[in-house]
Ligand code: CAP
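A lone chain, given as structure tokens: the form predicted on its own.
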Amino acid sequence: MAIDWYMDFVDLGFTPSTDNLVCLYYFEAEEGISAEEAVGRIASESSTGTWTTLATLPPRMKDLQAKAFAIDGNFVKIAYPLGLWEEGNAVQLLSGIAGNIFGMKALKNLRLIDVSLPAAYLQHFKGPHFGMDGIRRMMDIHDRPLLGAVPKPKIGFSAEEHAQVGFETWMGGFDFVKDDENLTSTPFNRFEDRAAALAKLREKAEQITGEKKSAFLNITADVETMKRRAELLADSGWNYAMIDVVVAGTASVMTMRDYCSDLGLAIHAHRAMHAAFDRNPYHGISMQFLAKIMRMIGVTQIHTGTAVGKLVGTKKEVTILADVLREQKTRAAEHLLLDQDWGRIKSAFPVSSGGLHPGLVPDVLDIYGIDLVLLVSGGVHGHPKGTRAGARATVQAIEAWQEGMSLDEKAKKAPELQQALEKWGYYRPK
């Protein structure tokens, strides 16, 4: 008598239907476990199986089984029937395709690389409220990247000090002042004080420059607190809220998407803690999967790395992330990406941040183009002449790239850029 039924979840002749959700995994089986048994275990545990055969099953159960249908070395594609998934519940989806399977003893390593979301599943999600075009209209910025900076150090300033650094950032030509991931409402910088102080100086900067200015203020907390903070932002004339989406959790982001949309707030998504599960190339889940889920549930933008700054991420990885967020359709790339048609789901901005300065701006723009949120922080505030000059130097670096001019050539008539290059040159932080 058979003890287990894992091989029932493997069908190498199976062709997924258009309503199937398809996942791409990297896997390594433990010694003594064949590749087919390993992928059968993945498909079983993430759908209708268990560790042993069962005495009786309703005939319809067969139609709910996941099918491992394509094995290529250490990569496998698994198709999941639509009926396994609750409509509009991304949390339940994660519990299946990114749940118990990571703890199975039969697997040495397992990594969820990508998921192809069918139209029948996507139709129950709203996606970003604004999309890239909506944000550009909101900020009246159409021919360049959106620019922001975190007051540095990232935590430690009082609300008034933070706001003053923000004002200098705006006056240097930047659009946004950003809280960092670990600044919420500390004893020395309460959220409501920071929001009020920045709002006052935002109005002053807008009057002087004639430009729209804004901020990504970090509302991350329990959901009820986030709601109160979002309301405060809307009442203070802000158009954005920032959430640390990984630590806050998928469920809370889903709730806050609708709450913020009703208040007219876009969501800036910080990815703090992502590398705890996506840095290891052999285990966990990929950053592109996180980006895809966040676009589906409705953030306006999310951090995606630089490939040239202080954080991990190759040029290829960054480009894939940008495509996943910005494109209406993405095409499969072997072992990296699956086909995806987003249908009516709007686009989201990739955010490039981490160890940037004016000397690296052209490299980032070569990768992303102009459809991104570019965050330059230490490379603004560390400018020899201060924050305002550092922001100007960054703007000048963007102008040089758009004009097809080298930074050294541009710097001959741009003193702030010249000073930045004298300090950092083209240094890539490690």
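One rule holds for the numbers: they count along the sequence shown, beginning at 1. Since the structure is predicted, the reported quantities are computational estimates derived from the model, not experimental observations.
Beyond what is shown, the protein has a form predicted together with this ligand; the following relates to that form.
> Would I219 show up as a contact with this ligand in the model of the complex if we use heavy atoms at 4.5 Å?
Contact with this ligand, no.
> Does this ligand get within 4.5 angstroms of any non-hydrogen atom of K154 in the model of the complex?
Contact with this ligand, yes.
> May I ask you to check whether D175 falls inside a 4.5 Å heavy atom distance of this ligand in the model of the complex?
No, D175 stays farther than 4.5 Å from this ligand in the model of the complex.
> Flag H274 as yes or no: does it have a non-hydrogen atom within 4.5 angstroms of any non-hydrogen atom of this ligand in the model of the complex?
Heavy-atom contact with this ligand at 4.5 Å: present for H274.
> Exactly one of V324, L356, I78, L110 has a non-hydrogen atom within 4.5 Å of this ligand in the model of the complex; which residue is it?
It is L356.
> Can you pick the one in V150, I297, V115, A266 that has a heavy atom within 4.5 Å of this ligand in the model of the complex?
If I apply the 4.5 Å criterion carefully, the residue I get is V150.
> Of these, 370-378, 61-69, 29-37, 386-394, which stretch puts a heavy atom within 4.5 angstroms of this ligand in the model of the complex?
Heavy atoms within 4.5 Å of this ligand in the model of the complex occur in 370-378.
> If you apply a 4.5 angstroms heavy atom cut-off, which residues in 317-349 are near this ligand in the model of the complex?
Not one residue comes within 4.5 Å of the partner.
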